[in-house]
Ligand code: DGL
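Below you'll find only one chain, the form predicted on its own, shown as structure tokens.
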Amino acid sequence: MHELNNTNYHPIGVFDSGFGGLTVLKEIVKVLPDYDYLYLGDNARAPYGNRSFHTVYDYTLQCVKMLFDNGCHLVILACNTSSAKALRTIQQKDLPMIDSERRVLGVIRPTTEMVGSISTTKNIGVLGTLGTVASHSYLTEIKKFAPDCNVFQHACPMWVPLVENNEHESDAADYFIQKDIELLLSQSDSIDTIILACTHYPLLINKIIKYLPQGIKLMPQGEVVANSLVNYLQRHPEMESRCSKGKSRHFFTTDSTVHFDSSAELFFGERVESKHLKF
């Protein structure tokens, strides 16, 4: 990967604790195909969802620094848990000391900025991991941007394992998806918009739609984050000019490259060849 040693190589970094962030990168590449991208999956320490705020912060900061060290001026935390538990501290405490001109963005704010304008009934559902739901980040952020909205959350602890064990099209997936959707909707019969607050969930979208009542809108994060990044780069030409445009895609994993490459294709939609990263 000769680009990594090139002083003119400044890819957009995309980080996730595992594979899910590849669904976000896939959508970003669709709308911004000319840029260089460097993806890092911390698969060896995944999942992050059941770890403490302090541990998630430490792991996330370590990975962000690695992406900075490999030329990234802009990093997207394509991980709801990292966005919920680490982003604000990194932005406020660490970036001023590391490099005040670098930026780290998350996936929660772009979604919560939009959802109030999408919902008609102002009753919003959130489906996410245990860690994301417990953080109350979506409740807090939606109240900032859409204070007139009511938010109902439900954790789906089986959905990520179903995807990562390639059981997302099985009958078992139907059972858990139907059950979790019913539990969310039992909190309010006025929910008309549901945020899929985990980047694994787009792989379950056909089954999710199958069990949703007609008229309820879904918000997968990939497309929302991608469009938000387009807008961000338009509003910040100083950052846009720092991001190199060589159309390269590089992938790092902290775990087995064989396992990463075989699973990553499912999330990214094309063949991936990763390199192992050891901290």
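In this text, all values refer to a predicted model and were calculated from it rather than measured experimentally. The first residue of the shown sequence is 1; numbering continues from there.
There is another form of this protein, the form predicted in complex with the ligand, and it is not shown here; the text below is about that form.
Asker: Which residue among 86, 194, 203, 160 has a heavy atom within 4.5 angstroms of the ligand in the predicted complex?
Answerer: Only one listed residue qualifies here, and that residue is 160.
Asker: Could you spot which one of 137, 119, 111, 129 gets a heavy atom to within 4.5 Å of the ligand in the predicted complex?
Answerer: Looking at 137, 119, 111, 129 one by one, just 129 meets the 4.5 Å heavy-atom criterion.
Asker: Would you classify residue 198 as touching the ligand in the predicted complex, given a 4.5 Å non-hydrogen atom cut-off?
Answerer: Yes, residue 198 lies within 4.5 Å of the ligand in the predicted complex.
Asker: Any of the heavy atoms of residue 48 lying within 4.5 Å of the ligand in the predicted complex?
Answerer: Yes.
Asker: Against the ligand in the predicted complex, would residue 79 count as a contact residue? Criterion: heavy atoms within 4.5 Å.
Answerer: Residue 79 belongs to the contact set for the ligand.
Asker: The ligand isn't shown here, but in the predicted complex, which of 242 to 250, 228 to 236, 28 to 36, 48 to 56 has heavy atoms within 4.5 Å of it?
Answerer: After filtering at 4.5 Å, what remains is 48 to 56.
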